[in-house]
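Presented as structure tokens, the chain that follows is alone, the form predicted on its own.
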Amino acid sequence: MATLTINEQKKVSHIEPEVYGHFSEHLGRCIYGGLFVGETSPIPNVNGMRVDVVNALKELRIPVLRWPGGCFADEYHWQDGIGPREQRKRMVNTHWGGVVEDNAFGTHEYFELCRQLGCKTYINGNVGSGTVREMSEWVEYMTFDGISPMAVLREKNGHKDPWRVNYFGVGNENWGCGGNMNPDYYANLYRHYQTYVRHYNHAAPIKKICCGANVDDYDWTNEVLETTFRHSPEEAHGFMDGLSLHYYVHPTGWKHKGSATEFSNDIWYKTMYKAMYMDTLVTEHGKIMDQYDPDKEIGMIVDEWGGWYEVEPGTNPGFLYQQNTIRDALIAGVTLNIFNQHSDRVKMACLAQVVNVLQAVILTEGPNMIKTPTYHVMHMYRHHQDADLLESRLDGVKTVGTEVDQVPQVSASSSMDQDGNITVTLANLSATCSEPVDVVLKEAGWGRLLEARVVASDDIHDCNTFQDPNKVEERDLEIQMDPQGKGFHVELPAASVAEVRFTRL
């Protein structure tokens, strides 16, 4: 039996809400048909944004939404997406499916979506094919409050007041689709470009995100930081607020990713092993960051993560549309627990992607919408947002898996919110076996249960479809509270993610 011992008197670090962020790209049906349908659509919308999708995302307390990419960001020229829609430039989306992009969703539409969601904004700028001037003028267009060419243009296009840009990414995947650059070359470009991401509103400065590594490219992290910090380490803290990291779980490899819904138990455990690898990545990249930034002023920004499989049969391979099963619920539960445990360094993470692409929380088909198993996990975990990580220790955890891929059976994290409520999240990585878990607190008196929920199903392949939209969802979880209020006992079902919230008597 596993035992999770929690010291509720010791808060380790703060879990920023942005750790539970999302990513939207002009890719497949993420934007068009997923988030945005236009004002004339018969699908209920407010200013073109789908009402059902916006409402579902608000239930997650979505903290931040990254846009416009992804690889698309480094071929996106923002002036193509402003002004009257009928006059906007049409282009071919060369990265994703070769379809026509009519730029109906641009800067104004993005900020309107974030207004409806009530979330922070994260704009990704174009370094790969864009210019310093282009990036500088976009920042001016979005944020300058006064008389200037870009502010006048913004008002002409219908928005007099400036918007708030919370985060700005200076390039994306510049080691790959963003320009195939070497790390020292990109780092010098970063120093150059970020200079012109001006803080026009000093009361609300933009946090600048530097392009970090792909998976375990530790040389990239080291060389980018070495070059960025060279000659002016004090200034470097002033022009870099975050360093990104991208990691996708490809159960059977990058070239042959395997099916989203048809997989063996062996592939299940390979998936769990690769999901757990996020802990190694955050730890090792964090060690390099510590050499340059020991006070952890620069956040690790894992702004692309999730499971990536072959597309659903019969769909455009460039649209990256895949189903979402119990396996994805476990990827989410395990990964979010890891981020919580590293919340001293991880300050933002964006699941890829929010609707209809990769490990989406929502799928749409015409006017219909379904919530995926991943959605329900993120809904349970929302209580960790803006809470404090509590010191904890897992003992007696068994190892499960195959001879090649072995993982701890239980993953966990715990936090205390501002009202003194404790949230414990647990994941059982075994595909076949339930597991009893004791959760023990340092003091007595924590006996008032607020809720206990679980995402589980009878079959690890189960998913929600438009024919059966509620096959996998949250349900009540039976637990036994300790009579003295020193914790609880729970039997975790096989392949499950659970959340228990409680407070003092």
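The model shown is predicted, which means the values in this text are computed figures rather than measured ones. From 1 onward, residues are counted along the sequence shown.
What comes next is about the form predicted in complex with ligand AHR, which does not appear here.
Annotated contact segment (heavy atom within 4.5 Å of ligand AHR in the predicted bound form): 65-73, selected among 462-470, 435-443, 65-73, 35-43. At a distance of at most 4.5 angstroms from ligand AHR in the predicted bound form, none of the three residues 137, 193 and 196 contributes a non-hydrogen atom. The listed set 320, 127, 187, 346 contains one residue whose heavy atoms approach ligand AHR in the predicted bound form to within 4.5 Å, identified as 320. Checked against ligand AHR in the predicted bound form, the residues 308, 167, 78, 163 give one hit for a heavy atom within 4.5 Å, which is 308. A residue is said to contact a partner when one of its heavy atoms sits within 4.5 Å of a partner heavy atom; residue 25 meets this definition for ligand AHR in the predicted bound form. With a 4.5 Å cutoff on heavy atoms, residue 96 counts as touching ligand AHR in the predicted bound form.
Among heavy atoms of residue 358, some come within 4.5 Å of ligand AHR in the predicted bound form. Within this chain, residue 246 lines the site of ligand AHR in the predicted bound form, having a heavy atom no more than 4.5 Å away.
For the stretch 147-167, the set of residues having any non-hydrogen atom within 4.5 angstroms of ligand AHR in the predicted bound form is empty.
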